[in-house]
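Single chain ahead, written as structure tokens, the form predicted alone.
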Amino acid sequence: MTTVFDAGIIGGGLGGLTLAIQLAKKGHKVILFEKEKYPFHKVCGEYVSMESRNFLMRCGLKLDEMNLPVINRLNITAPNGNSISHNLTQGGFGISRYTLDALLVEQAITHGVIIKELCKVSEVIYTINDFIIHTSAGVFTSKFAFGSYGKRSNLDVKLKRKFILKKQKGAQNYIGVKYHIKTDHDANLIALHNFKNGYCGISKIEEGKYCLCYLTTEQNLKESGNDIKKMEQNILYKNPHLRKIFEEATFLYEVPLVISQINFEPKTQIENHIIMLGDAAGLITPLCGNGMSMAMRAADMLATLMPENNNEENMNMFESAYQLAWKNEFALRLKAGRIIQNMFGAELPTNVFISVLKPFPLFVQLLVQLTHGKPF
């Protein structure tokens, strides 16, 4: 007899894993599909806002026992080296995605979640009362389907999502590049260093390591002959703070992790009745440093809102309730993120903007508050 799962979750990042854990703790049968093999590194900053700390502990993580770095100061530099600093009222903590995801996988398995690793989902078909999920590991049935697969996927193309179609018409695309390094840098400081058409974040994680991750345009890479090292030397090094980091740090990866074809176009939260969360539902710019907490907060919403049974009435109510909750919680954050994104990156405007901000710390505090939420 075919097992019908209560929830089929496509993508096992923070949103997918924390949703799986919560639903399983409530007694639901959950299956999660992840195309990679745990644990693995991901291209992202590894500063986690304190707003989600209690939530992660409710998911079973013993963060108090891990001696993780607490980050409560922010430094932003312009391409010319000018800088502003600010104390973070709420702040965050540092932990690598490699470690964080591995801990969440352990909790998911403990609570009975079926995890299919190295498993690609090719199609999801809605059939009124359930979903048929076609994967490289076989065909599965679930009452509800959730998309938590990150910034872009073959499913986005299959679903003909608007942001994918717009991207194909020439919208600006970005690349993300990430390293783990050893360096001399304040443990409680997250720094965001701007350069021409991009910015780079650095903050401490576990085991004395630092996450160094930057976002820039595909055009920057193309103009450097698609050579990342050459691009770093020609463009990033013009910011003296970045030059110092790159020249003095010990790099722990043989080659950097790279992700391409990133864009920040608005997304919809429902596609053919598949409920999206995390970056699949809407991507906040990395400069704002809060995408991980947003993914987990959406998972918390969904675990609360999901009905016991899938029928047309329940599905419509569920979708409407989630879209409203999502909009109330995230719409302003995403809009603020896009505005902030436009303020930074272009060399001359960024230099000017940092100079203008310097005498007005309260405005810096407002920008931080606009992209963060309250603890949940």
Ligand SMILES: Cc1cc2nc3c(=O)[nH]c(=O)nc-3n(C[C@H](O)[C@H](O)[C@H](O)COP(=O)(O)OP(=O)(O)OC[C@H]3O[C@@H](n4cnc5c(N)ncnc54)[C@H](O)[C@@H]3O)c2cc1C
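Computed from a predicted structure; not experimentally measured. Start at 1 with the first residue shown and count on from there.
What comes next is about the form predicted together with the ligand, which does not appear here.
Look at the stretches 244-252, 143-151, 221-229, 80-88 and give the one with heavy atoms within 4.5 Å of the ligand in the predicted complex. Of the options given, it is 143-151.
Can you work out which of 292, 275, 108, 298 has a heavy atom no more than 4.5 Å from the ligand in the predicted complex? Filtering the options by heavy-atom distance leaves 292.
336, 61, 44, 315 - the one with a heavy atom within 4.5 Å of the ligand in the predicted complex: The residue from 336, 61, 44, 315 that makes the contact is 44.
Verify the contact flag for residue 259: yes if a non-hydrogen atom of it lies within 4.5 Å of a non-hydrogen atom of the ligand in the predicted complex, no if not. Answer yes; at least one heavy atom of residue 259 falls within 4.5 Å of the ligand in the predicted complex.
Partner proximity in the predicted complex: residue 120 to the ligand, non-hydrogen atom cutoff 4.5 Å: Residue 120: yes, in contact with the ligand in the predicted complex.
Non-hydrogen atom contact residue 33 with the ligand in the predicted complex at 4.5 angstroms: Judged by the heavy-atom cut-off of 4.5 Å, residue 33 is in contact with the ligand in the predicted complex.
Exercise: residue 213 in contact with the ligand in the predicted complex, heavy atom 4.5 Å: Yes, residue 213 sits close enough to the ligand in the predicted complex that at least one of its heavy atoms falls within 4.5 Å.
Can we say 13, 97 and 155 each have a non-hydrogen atom within 4.5 Å of the ligand in the predicted complex? Yes: 13, 97 and 155 each sit within 4.5 Å of the ligand in the predicted complex.
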